[in-house]
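Okay, so here's just one chain, in structure tokens, the form predicted on its own.
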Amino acid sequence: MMPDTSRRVLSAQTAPHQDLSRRVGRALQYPLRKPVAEHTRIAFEQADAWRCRHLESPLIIDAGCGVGLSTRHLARRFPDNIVIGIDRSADRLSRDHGELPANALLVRADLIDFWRLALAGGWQPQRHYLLYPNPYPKPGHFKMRWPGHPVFPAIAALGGQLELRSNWKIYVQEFALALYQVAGIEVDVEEYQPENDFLTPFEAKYHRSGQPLWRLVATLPYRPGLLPIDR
């Protein structure tokens, strides 16, 4: 059991990062040339084969699923869907948290590569979750947060109902601003109470610590052309 106290996100930022608009603009203009890691390419091919065996079931992506508890919860909450949980840590994914539902799959992969492969492979998730954490709260690390990362257009381009959750309001606000710049969609950042229906251990820990929890939910069109490619 995690303790009932946890540190709040500490940052010199008091508002969304001043470089957000420029970085999102660059991500829309210049291709991301990071080579795809071979282990992620293999993992994607295996995940795609599993997905293709369940094409009658709408897809849910659980991006950065950690130990896979959120993937399990989502699979039980949406039994008519298939849920693919992705995390880069083999250690986290190997932890025993009970049987994985038949409509769920856990994949070890680099999200930056996996999102691009999913977009190139024609994946169109019905729902797409980005749950805790990612914030990199130092202002100098903004480019490591998803709204400041060159892969951001791929996240938006996959479409579906995208839900982001965090205990850091500024991060969620940045994500909302980046979505508006990329997709022209305005979304509200809201404080919410999970009422003990926690999707992740982080969410439960922050809630028990008395921290406010924040989220945004956006319905996005499938737009593979958002991600620039080399000509």
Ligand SMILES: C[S@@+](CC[C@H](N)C(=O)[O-])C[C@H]1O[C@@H](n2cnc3c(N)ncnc32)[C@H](O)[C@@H]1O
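Quick caveat, the model's predicted, so the values are computed rather than measured. In case it trips you up, residue 1 is the first one in the sequence shown, and so on.
Although it is not shown, the form predicted together with this ligand is what the next lines describe.
Look at 110-118, 156-164, 97-105, 75-83: in the predicted bound form, residues with non-hydrogen atoms within 4.5 angstroms of this ligand sit in 110-118. When this ligand is considered in the predicted bound form, Cys65 lines it closely, a heavy atom lying within 4.5 Å. The shortest heavy atom separation between Gln126 and this ligand in the predicted bound form exceeds 4.5 Å. Under a 4.5 angstroms non-hydrogen atom cutoff, this ligand in the predicted bound form lacks Phe142 among its neighbouring residues. Among residues of the shown chain, Pro201 is one whose heavy atoms approach this ligand to within 4.5 Å in the predicted bound form.
Proximity of Ile170, Tyr180 and Arg215 to this ligand in the predicted bound form is absent: no residue of the three has a non-hydrogen atom within 4.5 angstroms. Residues from 177-192 do not approach this ligand in the predicted bound form: none has a non-hydrogen atom within 4.5 Å of it.
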